[in-house]
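We begin with a single chain expressed as structure tokens, specifically the form predicted on its own.
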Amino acid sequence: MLRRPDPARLITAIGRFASRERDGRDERTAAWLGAALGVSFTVAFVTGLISHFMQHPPGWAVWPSRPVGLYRLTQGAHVIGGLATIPLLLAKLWTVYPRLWQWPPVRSAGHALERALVFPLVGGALFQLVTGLFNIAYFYPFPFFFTTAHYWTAYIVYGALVVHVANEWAKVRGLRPGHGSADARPTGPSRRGFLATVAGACGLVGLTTVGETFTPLGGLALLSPRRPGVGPQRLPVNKTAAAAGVRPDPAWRLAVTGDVARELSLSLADLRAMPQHAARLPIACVEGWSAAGTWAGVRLRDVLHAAGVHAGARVRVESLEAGGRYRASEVDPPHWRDELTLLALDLNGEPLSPDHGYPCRLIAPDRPGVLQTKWIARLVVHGS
């Protein structure tokens, strides 16, 4: 006569089978992966905050214009590091999933809380990586605004990570080869081989992505949505003039208005008659790619000084683009007073192409690409 299976014994047997030493699912492996994830998530969290506060600065924050390539570095690290974290996260989940089969599933109120905190950590981490991939690919199948959701979820994930690390720290410190559970015993080459494979996968992802911002490796940037040197005037673009609904206007003039001593209305010829300056500056986008070009034009501060602008004023740069979240941007004093901040008229020795903002665009050091406003129509001064 067949005996009715005992669910508790069945789940325990499955858990023991899933956590066999030879497949690399021991607690020391999980601890190493967890430590690597902690470092990776910390880098992503810090660089993500930098990106967010540069694009949406709070009233108390004024971002510096130097070093020139700071945003290029931090956002490149955020995206490239985030992509390289995917194999690491999958390996960690594969290593620890047998714990889902623990019986009884809840041993105490504290254990129940501990297990409940895993869900926002795992679910939030997967959400961040998946939606981040969609953003890099310019694919938005979800109804919410990516930047806002990504920002607030980061606090949930990192908070859950801190709690999880604090809870697991004592357990990890107590692990010694040959002591504790069977999972704590060393696995020899199996563990080393598994960790080496994970590290290799992370390195491969990084190698095939880093070229999107590190030009010498541009030929290897297989996972990048944009490559250095590919685009109008040898520089990539995210939004073309056609996509923005902007057409060249022979009667175009730049208006300088607001809290100024003298309002200005400048034609393209007027701007070209002013002292011209050149600067080698990158376009660095939130998707992680960046590329440098040689820009030439009028210093923004020269135009504002001609209008009699106070040194502490802020400037709203408005585009000919009719809509879009970033059709205008704010320029704080550290940026508009910087000699490298230009109203660019030329790129790489040629007049701006329509896709790069003809007749005039903003280019400034240490500034996200979405804030380098193209097709400028007006400079509105306020807060002087």
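The first residue of the sequence shown is number 1, and the count goes up from there. Computed from a predicted model, the values in this text were never measured in an experiment.
Just so you know, the form predicted together with protoporphyrin IX containing FE exists too; it's not on screen, but the next bit is about it.
**Student:** For this chain shown on its own, do Val303, Val309 and Gly383 all sit within 4.5 Å of protoporphyrin IX containing FE in the predicted complex, going by heavy atoms?
**Tutor:** The answer is no; none of Val303, Val309 and Gly383 reaches protoporphyrin IX containing FE.
**Student:** If we define contact as a non-hydrogen atom of the residue within 4.5 angstroms of the partner, is Gly258 a contact of protoporphyrin IX containing FE in the predicted complex?
**Tutor:** Taking the distances in the predicted complex, the answer for Gly258 is no, it never comes within 4.5 Å of protoporphyrin IX containing FE.
**Student:** Please tell me whether any heavy atom belonging to Tyr97 falls inside 4.5 Å of a heavy atom of protoporphyrin IX containing FE, as the geometry stands in the predicted complex.
**Tutor:** Answer no; every heavy atom of Tyr97 is more than 4.5 Å from protoporphyrin IX containing FE in the predicted complex.
**Student:** Taking 4.5 angstroms as the cut-off for heavy atoms, does Gln55 touch protoporphyrin IX containing FE in the predicted complex?
**Tutor:** Yes, Gln55 is a contact residue.
**Student:** Gly132: heavy atom within 4.5 Å of protoporphyrin IX containing FE in the predicted complex?
**Tutor:** Because a heavy atom of Gly132 falls inside 4.5 Å of protoporphyrin IX containing FE in the predicted complex, the answer is yes.
**Student:** So if I measure heavy atom distances to protoporphyrin IX containing FE in the predicted complex, which of the stretches 41-49, 349-357, 26-34, 328-336 falls within 4.5 Å?
**Tutor:** Contact-bearing stretch, as computed: 41-49.
**Student:** Only one of Val286, Ala160, Ala296, Leu235 comes within 4.5 Å of protoporphyrin IX containing FE in the predicted complex by heavy atoms, so just point that one out.
**Tutor:** Contact residue from the list: Val286.
**Student:** Taking 4.5 Å between heavy atoms as the contact cutoff, choose which of Phe146, Trp103, Phe214, Trp252 touches protoporphyrin IX containing FE in the predicted complex.
**Tutor:** Checked against the cut-off, the match is Phe146.
**Student:** Who in 81-103 is close to protoporphyrin IX containing FE in the predicted complex, meaning a heavy atom within 4.5 Å?
**Tutor:** Residues within 4.5 Å: Gly82, Leu83, Ile86.
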